[in-house]
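First comes one chain, alone, set out as structure tokens in the form predicted on its own.
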């Protein structure tokens, strides 16, 4: 039982580190690629800006959850 706990914690730590890196990359990618457009939307079209921001948040959640789930499955399968 203790061995499984150690493996799970190790996999979780790796997953957390990779997830953190992916979030930072995503943030700077969106800032670089969409920053000017989002600033324009925020200043001129607030409702469209709100919808786009919500879609970006939801897209990030789905994409990063998928990536980390696949990573976690890979790590758990590899260390068993």
Partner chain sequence: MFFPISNADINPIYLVVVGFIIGILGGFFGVGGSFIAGPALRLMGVNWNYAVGTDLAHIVGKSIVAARQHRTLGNVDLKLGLIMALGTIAGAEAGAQLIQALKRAGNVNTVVSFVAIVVYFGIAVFMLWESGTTLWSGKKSSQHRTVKDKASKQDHSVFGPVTQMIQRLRIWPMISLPTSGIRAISLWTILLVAFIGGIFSGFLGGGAGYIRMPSMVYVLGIPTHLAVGTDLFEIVISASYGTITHAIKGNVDILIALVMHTGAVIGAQIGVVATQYFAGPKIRLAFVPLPLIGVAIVVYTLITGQKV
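Throughout, rigid core stands for the largest set of C-alpha atoms superposing within 1.5 Å between the two forms. Since this is a predicted model, take the numbers as computed values, not measurements. Residue numbers count along the first chain shown, from 1.
The protein also exists as the form predicted in complex with the partner chain; that form is not presented, and the subsequent description refers to it.
**Q** Does residue 21 make contact with the partner chain in the predicted bound form, using a 4.5 Å heavy atom cut-off?
**A** Residue 21 lies outside the contact set for the partner chain.
**Q** May I ask you to state whether residue 9 is within 4.5 Å of the partner chain in the predicted bound form, using heavy atom distances?
**A** Residue 9: no, not in contact with the partner chain in the predicted bound form.
**Q** With a 4.5 Å heavy atom cut-off, would you call residue 62 a contact of the partner chain in the predicted bound form?
**A** Yes, contact at 4.5 Å.
**Q** Does residue 16 make contact with the partner chain in the predicted bound form, using a 4.5 Å heavy atom cut-off?
**A** Answer yes; at least one heavy atom of residue 16 falls within 4.5 Å of the partner chain in the predicted bound form.
**Q** Using a 4.5 Å cut-off on heavy atoms, what residues in 27-48 are near the partner chain in the predicted bound form?
**A** Going through 27-48 in order - heavy atoms within 4.5 Å of the partner chain in the predicted bound form - the hits are 27, 31, 35, 38, 39, 42, 46, 47.
**Q** Just checking, between this form and the one not shown and with the core aligned, does residue 30 shift 2 Å or more at the CA?
**A** Yes, its C-alpha moves 2 Å or more.
**Q** Residue 21: with the rigid core matched between this form and the one not shown, does its Cα shift 2 Å or more?
**A** Yes; that C-alpha moves by at least 2 Å between this form and the one not shown.
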